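The form predicted on its own is given below as one chain in structure tokens.
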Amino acid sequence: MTETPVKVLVVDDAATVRLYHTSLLSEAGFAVEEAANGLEAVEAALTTAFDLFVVDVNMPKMNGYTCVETLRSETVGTPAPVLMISTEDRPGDAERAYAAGANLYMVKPVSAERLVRVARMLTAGRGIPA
């Protein structure tokens, strides 16, 4: 019996950041897709069951906080964990992310090892990296 790979959606408007996170997670065995903003992420979540969302805060069309709130809403209703990664490090930023429904908030830059370790922790029991 083979388990399905863990599906991750990386959501960031910066192409270089998306490429970096996608590369690290793919090399670690995750099946990774990308979205350039929160709206694209919500659209993807309506058609695909992801096991983890890695979401930036500052994005056009729909910011990360609104994206996470929408992912957690009755419309989408995803139970998948959300890791928010942002350059925002002011008092209240993490609390706002948690209030929106994020499981963990990290400040950029995040080391390769830490990103993979946290992704594995948040997806434990949801399949295996390929």
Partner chain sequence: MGLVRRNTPPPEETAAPPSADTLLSQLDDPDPELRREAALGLDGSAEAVAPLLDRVAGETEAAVRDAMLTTLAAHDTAQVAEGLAVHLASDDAGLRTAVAETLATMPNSVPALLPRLIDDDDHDVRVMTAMVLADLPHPEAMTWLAVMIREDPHPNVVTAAIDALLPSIGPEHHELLRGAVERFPDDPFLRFTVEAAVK
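Residue numbers count along the first chain shown, from 1. Remember, predicted model here, so these are calculated numbers, not experimental data.
Although it is not shown, the form predicted in complex with its partner chain is what the next lines describe.
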Contact check in the predicted complex: Ala36, Thr70 and Val76 versus its partner chain, with a cutoff of 4.5 Å between any heavy atoms. Do all three pass?
no
So in the predicted complex, does any heavy atom of Ile85 sit within 4.5 Å of its partner chain?
no
Is there a heavy atom of Thr48 lying 4.5 Å or less from a heavy atom of its partner chain in the predicted complex?
no
Answer for Pro60 alone: is it within 4.5 Å of its partner chain in the predicted complex, judged on heavy atom distances?
yes
If you check in the predicted complex, is Asp89 within 4.5 Å of its partner chain, heavy atoms only?
yes
Going through 14 to 33, which residues have a heavy atom within 4.5 Å of its partner chain in the predicted complex? Please give them in sequence order.
Ala14, Ala15, Thr16, Val17, Leu19, Tyr20, Ser23
